[in-house]
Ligand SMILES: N[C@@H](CCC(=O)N[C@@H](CS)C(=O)NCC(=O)O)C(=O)O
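The chain that follows stands alone, in the form predicted on its own, written as structure tokens.
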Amino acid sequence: MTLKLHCFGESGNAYKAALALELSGLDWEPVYVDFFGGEARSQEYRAKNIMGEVPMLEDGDIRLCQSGVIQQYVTDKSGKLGGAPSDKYEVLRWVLWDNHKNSSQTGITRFLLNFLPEDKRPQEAINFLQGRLKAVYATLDAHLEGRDWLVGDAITNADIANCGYLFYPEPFGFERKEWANIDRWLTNIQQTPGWKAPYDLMPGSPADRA
């Protein structure tokens, strides 16, 4: 049975789920959600997902939201991207760190700078978030010193979670060239067979709404 991922290209959280599915080798297809048109807040969508969140994975009668949960489901179903058994909790630690410290702040900063009209952008909040993100990227870069991957010796959900927003072209304060270890790590991910950029993997992009 083909898994269906309800997603849209601009979402870094959806990208984490889509990339995990793509690299796992599972049979899946993207289902476009018109997020900016309010589809995720519609009664029809909320009937399937009370949280009104994107991404959402459907596998028969199973419906899951939250990117980290979907990534774990993909691992449980495919046997891939979980790392060695002894690395289970270290992978989980980095997925949760991303969800709370990295993507949560990167996502909102990118949204404020690129998807709000310029006169509606709260500059003080943006400055505050970008200051916090420098500390996040410093932590990530330091951990990657001498490492090819965040955990173990192959790509895992830890890598997929933490790279989720870092491949997007829109400016939000992250300059890849400024972080040598992150840059090398992102190159490793890009060279993984099956890797695709966000707008090549999921439908929907800013150009479609221009």
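The first residue of the shown sequence is 1; numbering continues from there. Note that the structure is a prediction, hence the values are computed from the model and not measured.
Another form, the form predicted in complex with the named molecule, is not on view; read the next lines as being about it.
When contacts are judged by a 4.5 Å heavy atom cut-off, residue 105 does not count as touching the named molecule in the predicted complex. Remark: residue 148 does not count among the residues lining the named molecule in the predicted complex, judged by a heavy atom distance of 4.5 Å or less. Using a 4.5 Å cutoff between non-hydrogen atoms, residue 39 does not count as a contact of the named molecule in the predicted complex. A residue is said to contact a partner when one of its heavy atoms sits within 4.5 Å of a partner heavy atom; residue 35 meets this definition for the named molecule in the predicted complex. If you check the named molecule in the predicted complex, you find no heavy atom from any of 83, 157 and 188 within 4.5 Å. Between the named molecule and the residues 130, 72, 99, 78, the one pair within 4.5 Å by heavy atoms in the predicted complex involves 99. The stretch from 63-71, 22-30, 180-188, 148-156 that comes within 4.5 Å of the named molecule in the predicted complex, counting heavy atoms only, is 63-71. Taking the named molecule as positioned in the predicted complex, the residues of 45-66 that bring a heavy atom within 4.5 Å of it are, in sequence order, 52, 53, 54, 55, 66.
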